[in-house]
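Quick setup: one chain, the form predicted on its own, written in structure tokens, and binding and motion questions come after.
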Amino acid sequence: MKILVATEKPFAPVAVDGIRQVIEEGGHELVLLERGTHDDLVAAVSDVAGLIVRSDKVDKEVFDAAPQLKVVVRAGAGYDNIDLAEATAHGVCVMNTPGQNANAVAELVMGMLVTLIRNRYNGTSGTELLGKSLGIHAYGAVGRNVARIAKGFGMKVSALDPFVADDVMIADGIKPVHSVEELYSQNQYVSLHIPANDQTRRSVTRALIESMPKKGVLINAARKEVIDEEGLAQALASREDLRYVADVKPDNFAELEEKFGERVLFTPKKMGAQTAEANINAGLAAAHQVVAHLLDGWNKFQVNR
């Protein structure tokens, strides 16, 4: 069977080599589409049984064009680029690769935070992290890695996640909190790791941001959609001590940069998973998952039902 790897942002060559080996050892044929358009993707799926993507959009048009498709794997944690309802309607299993990019994202979170609080290394006096409080909004794979690194800086770490038991956090040396209001109001720094879905879109409001302690910093390495961007701008305007750093440029980033200057910091594109290690890890995991599903229906990380 054919397995298509379609990546507008290509995997590193060493990752492609590993993916090819996994797919061919599983008895399948690799088809590679790099830097293609959405139309190219639609044209390429007509005879494939498996599909591996990164940020490429997999929508109704793709599913309609892929009558033999059985499984799609998103090489990464987020999967909002895939239409899950259409996948389910077409009988296609969708999986992600949780944890493979987690350390890369977590290291970027701390790097962005240090860059901001050290005033972008412009020669002026900045701030240290030792003894400061960090709240983690969602204690999944990325959140746990952020906590691990933050504890190495000597920070006081708490986390909010209704899907993780308190005793798990306590065993990790993390203080559990049980409301967003408590998380934001009690932590000078808050790191966002929630997915973008119907419950979370625009859920980080002006009120939450303004409730942060003096010199608060909100860090977003999740999705831009979880932020109420108008509310963010209003919070930054009303509190001159607040700052915002993101690996996902908001739609109003130009306005924010013009109004708030060095109080905001954005990467030029989503950089969380952009390390050689994460690139290889996610690609190989995706390949193994596609092959396992085609072999016997393995679906441990299925995100649609």
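Being a predicted model, the structure only gives us computed values, none of them experimental. Counting begins at 1, following the sequence as shown.
This next part talks about the form predicted together with 3-phosphoglyceric acid, which is not shown.
**Q** The chain here is shown without 3-phosphoglyceric acid. Which stretch in 132-140, 228-236, 176-184, 71-79 comes within 4.5 angstroms of it in the predicted bound form, by heavy atom distance?
**A** Residues of 71-79 come within 4.5 Å of the partner.
**Q** So in the predicted bound form, is 3-phosphoglyceric acid close enough to His28 to count as touching (4.5 Å, heavy atoms)?
**A** No.
**Q** Asn101: heavy atom within 4.5 Å of 3-phosphoglyceric acid in the predicted bound form?
**A** Yes.
**Q** At 4.5 Å between heavy atoms, is Ala273 in contact with 3-phosphoglyceric acid in the predicted bound form?
**A** Because a heavy atom of Ala273 falls inside 4.5 Å of 3-phosphoglyceric acid in the predicted bound form, the answer is yes.
**Q** Is Ser55 part of the interface with 3-phosphoglyceric acid in the predicted bound form - any heavy atom within 4.5 Å?
**A** So Ser55 counts as contacting 3-phosphoglyceric acid.
**Q** Exactly one of Arg201, Arg206, Arg223, Lys156 has a non-hydrogen atom within 4.5 Å of 3-phosphoglyceric acid in the predicted bound form; which residue is it?
**A** The residue in contact is Arg223.
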